[in-house]
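This document opens with one chain alone, in structure tokens, the form predicted alone.
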Amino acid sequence: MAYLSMGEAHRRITEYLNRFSDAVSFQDGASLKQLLSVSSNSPSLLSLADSLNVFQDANRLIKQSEKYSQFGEIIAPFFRCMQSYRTGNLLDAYHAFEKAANAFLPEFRNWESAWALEALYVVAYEIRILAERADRELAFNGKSPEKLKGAGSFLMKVFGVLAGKGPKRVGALYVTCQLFKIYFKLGTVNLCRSVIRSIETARIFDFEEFPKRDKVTYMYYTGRLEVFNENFPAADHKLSYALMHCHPHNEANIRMILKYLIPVKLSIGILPKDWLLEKYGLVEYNNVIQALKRGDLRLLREALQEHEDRFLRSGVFLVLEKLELQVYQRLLKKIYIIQKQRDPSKAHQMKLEVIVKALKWLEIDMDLDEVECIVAILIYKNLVKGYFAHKSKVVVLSKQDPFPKLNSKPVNS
């Protein structure tokens, strides 16, 4: 850092105080937002932090003028936050910002119009980001990370302020999305339910009036929740909405959506195009899709084993593992097609030992009883139409549509 005189430090701090006061006086939400963006690393805020570390009596500047002192409970802890942030003390930075945020909230509540929504968004974002970084610092020092949970409690208070009538309510979805990010990070996704219930059932909210950005994020996270709950039609609807309305140039977000939408589509019998996997770097699904096309159980299992860590981290491993039934269906269909070419009159009679041999060719050892059990499940779940001739160990397939398509519906539970 270049030499900074006491006088120059005083000037920069005073300039910040004037800008903060003017932003509130003129209801300039865009300017107020920039003044609170700790993690943006903007040159003006980093310069402020350096000035605060040179001029140690900023509190006196705040108190000496009513123009500044009316916001002292916000600005004083914010100054401490910037000092700590600049020196890399993220735990102290979080504590100070939390104090500033708690002072900002009643001021926001008292402002009649929604002019400061963007500033509130920054407060909601920054408290989450600083909490995450503070928790990493705590964990590194062998202490229990707990600040993100505290940030979640603060954001619930923010949600309560926004969940009323009037123009401020459009901010509720942004705060909800910040809460989702916290709950998913902490592994407490069950806490999402109460917020979702408020958004989707409260009469004060009209989903279409929320900003497009927030609707996309909301549908992405609620879609992921439906994946975890194995409610694939709802997951398909929500993730497809997120994909359709996501900015086409935001490839990182599109990739995040597809990471969950592809397993959902596969579970309802829809296979993505190869170019889509290539474009968005989702090649881990290549062999899963090839296995579905070929009826190759060995390939599916190898693909799941190869990318097990990635699929487990995403929470889609169990969804993909359940594709085995579709692979079995495809294998039986291939056997049926071969039999039909050889002897059309007997194509609908499939010996269990033929299925055993096909699996053996794929290096999967199963006896007749195991295969009979698999086929029984396929029949029960309406993936195969037919019945068993138990004495002769034959599956008698329906002569009409023996292998029903899923038609965008999940396999019956």
Partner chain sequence: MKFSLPEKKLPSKNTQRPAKRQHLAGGLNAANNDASSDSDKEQSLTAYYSSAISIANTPEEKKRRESRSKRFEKGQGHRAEINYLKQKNAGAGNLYSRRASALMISKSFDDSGSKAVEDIDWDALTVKGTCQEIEKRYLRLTSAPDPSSVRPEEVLEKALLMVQNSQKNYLYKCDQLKSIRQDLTVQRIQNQLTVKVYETHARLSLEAGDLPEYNQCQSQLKTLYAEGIEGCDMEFAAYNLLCVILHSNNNRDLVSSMSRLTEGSKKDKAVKHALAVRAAVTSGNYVMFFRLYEDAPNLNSCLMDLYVEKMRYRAVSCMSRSYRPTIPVSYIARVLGFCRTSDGNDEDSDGSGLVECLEWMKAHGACLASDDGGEIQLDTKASSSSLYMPEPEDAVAHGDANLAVNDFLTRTSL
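Note that this is a predicted model, so its numbers are computed, not measured. Residue numbers count along the first chain shown, from 1.
As for the form predicted in complex with its partner chain, it is not shown, yet the points below apply to it.
**Q** I need the one stretch from 73-81, 281-289, 89-97, 226-234 whose residues put non-hydrogen atoms within 4.5 angstroms of its partner chain in the model of the complex.
**A** Looking at the other structure, the answer is 226-234.
**Q** Counting any non-hydrogen atom inside 4.5 Å, which residue from Ile379, Leu61, Leu362, Ala347 sits next to its partner chain in the model of the complex?
**A** By the 4.5 Å heavy-atom cutoff, the listed residue in contact is Ile379.
**Q** Give me the residue from Val195, Leu173, Leu320, Ile262 that has a heavy atom within 4.5 Å of its partner chain in the model of the complex.
**A** After the contact test, the surviving option is Val195.
**Q** Is Glu251 near its partner chain? Define near as a heavy atom within 4.5 Å, in the model of the complex.
**A** Flag for Glu251 set to no.
**Q** Determine whether any heavy atom of Ile355 comes within 4.5 Å of a heavy atom of its partner chain in the model of the complex, and answer yes or no.
**A** The answer is no: Ile355 has no heavy atom within 4.5 Å of its partner chain.
**Q** Although the partner isn't part of this model, could you tell me whether Asp343 comes within 4.5 Å of its partner chain in the model of the complex, counting any heavy atom of the residue?
**A** So Asp343 does not count as contacting its partner chain.
**Q** My question is simply whether Glu370 lines the interface with its partner chain in the model of the complex - judged by any non-hydrogen atom within 4.5 Å.
**A** Output for Glu370 is yes: heavy atoms within 4.5 Å of its partner chain.
**Q** Using a 4.5 Å cut-off on heavy atoms, what residues in 135-170 are near its partner chain in the model of the complex?
**A** Stretch hits, in order: Asp135, Ala139, Gly142, Lys143, Ser144, Pro145, Leu148, Lys149, Ser153, Met156, Lys157, Phe159, Gly160, Ala163.
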